[in-house]
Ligand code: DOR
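Shown below, as structure tokens, is a lone chain in the form predicted on its own; questions about how it binds or moves come after it.
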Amino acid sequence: MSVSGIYGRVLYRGRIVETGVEFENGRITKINKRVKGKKLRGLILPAAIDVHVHFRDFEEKHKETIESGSLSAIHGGVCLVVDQPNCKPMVDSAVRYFRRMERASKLYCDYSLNLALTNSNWRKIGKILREVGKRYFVPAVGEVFLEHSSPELQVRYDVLERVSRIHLLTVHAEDPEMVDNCSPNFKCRPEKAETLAVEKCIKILGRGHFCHISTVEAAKLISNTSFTCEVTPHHLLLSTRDYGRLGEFVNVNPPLRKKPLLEHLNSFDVIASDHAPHTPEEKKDGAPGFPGVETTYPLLVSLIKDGVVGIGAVEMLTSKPAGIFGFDKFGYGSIEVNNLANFAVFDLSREERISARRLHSICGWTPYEGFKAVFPSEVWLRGEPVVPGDVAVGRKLEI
């Protein structure tokens, strides 16, 4: 039985306080100024939860693997990820789900996995969930695609309606009737495609979560409903003006818009990276997607340091996704007694410029080259320091 502790400036119940945190066997047991422990320099924040990553692997391991993706995550202060099932082959059955979890054998952060909804498996989705759920916690069914190049993954609205009460759905909201294929893709994936899809989903679904919302109009439609939504760092910070800088690398779905969304941050519930790595060669051929799991939290902390956003924004990467997806019952999301001792420590004096050469993703590039960021100087997972260094103690989220 091991007992340990840390001391410093801790984000506790919405405020930065000077206090100590004691933990035993990976869980927090005390939070008060009398706790003795290792003095940490910087802000001690709850480690992040990234609810939208694509760790590729299987037939796409040349651009990311679960191992390399989790290494990137932990170096970005992320303690838990939700991997998306539209890999090759897609995770659309219990057999594939278990196979994917077997592949997750070396983890640097904790790992969970969504289940795919397709035009072939929707009638069996409840049965699949029950079988998988005997061992693993499935955060959601999704990312569900209303528009996709694969006819199998492009799910109809009526199918969504029929399975909506079975499990939480996460939806990629772009109406297929309004989307075309071109490059740069912001010229043929209009904002109306997103708002129309959101309108339709709100009408037919009782609840749900919208992935990577990219427009203010869609966020307004979602507010005051039972739905939640996420926003990506690239939609917060980038716009079509970055086409001149990114060139052939600009494509991402949904696309960049005319204006970044940072001033509308409070319109969203969650920040998620939508980490979707492709190699430079694939990007030059038009592949949509940006890497981001390692840079999301550091970018946010830099914005907090500069006073652009408040410390409350941390909740969008921690307690809010924990509550929406049910991770709070496992002890994720906040520095609180009985929760897991998962911390990311940010020394604000160590702000730097992002360089792809120093990141850990296999894909080898970033859309945030040269952006200011504060990377965590230390990351603790269940009371064990894992950064600096590469300690692979991540776990799969089991029941």
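Each residue number is its position in the shown sequence, starting from 1. Just so you know, these numbers come straight off a predicted model, no measurement behind them.
There is another form of this protein, the form predicted in complex with the named molecule, and it is not shown here; the text below is about that form.
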Options 348-356, 52-60, 65-73, 32-40; stretch whose heavy atom lies within 4.5 Å of the named molecule in the model of the complex: 52-60
Should residue 288 be classed as touching the named molecule in the model of the complex when contacts are defined as heavy atoms within 4.5 Å? yes
Do residue 145 and the named molecule come within 4.5 Å of each other in the model of the complex, heavy atoms counted? yes
Would you please decide whether residue 294 lies within 4.5 angstroms of the named molecule in the model of the complex, comparing each non-hydrogen atom pair? no
Considering only heavy atoms, tell me if residue 253 and the named molecule come within 4.5 Å of each other in the model of the complex. yes
Could you tell me which one of 274, 83, 110, 194 places a heavy atom within 4.5 Å of the named molecule in the model of the complex? 274
Considering non-hydrogen atoms and a 4.5 Å limit, which listed residue (209, 172, 100, 320) is close to the named molecule in the model of the complex? 172
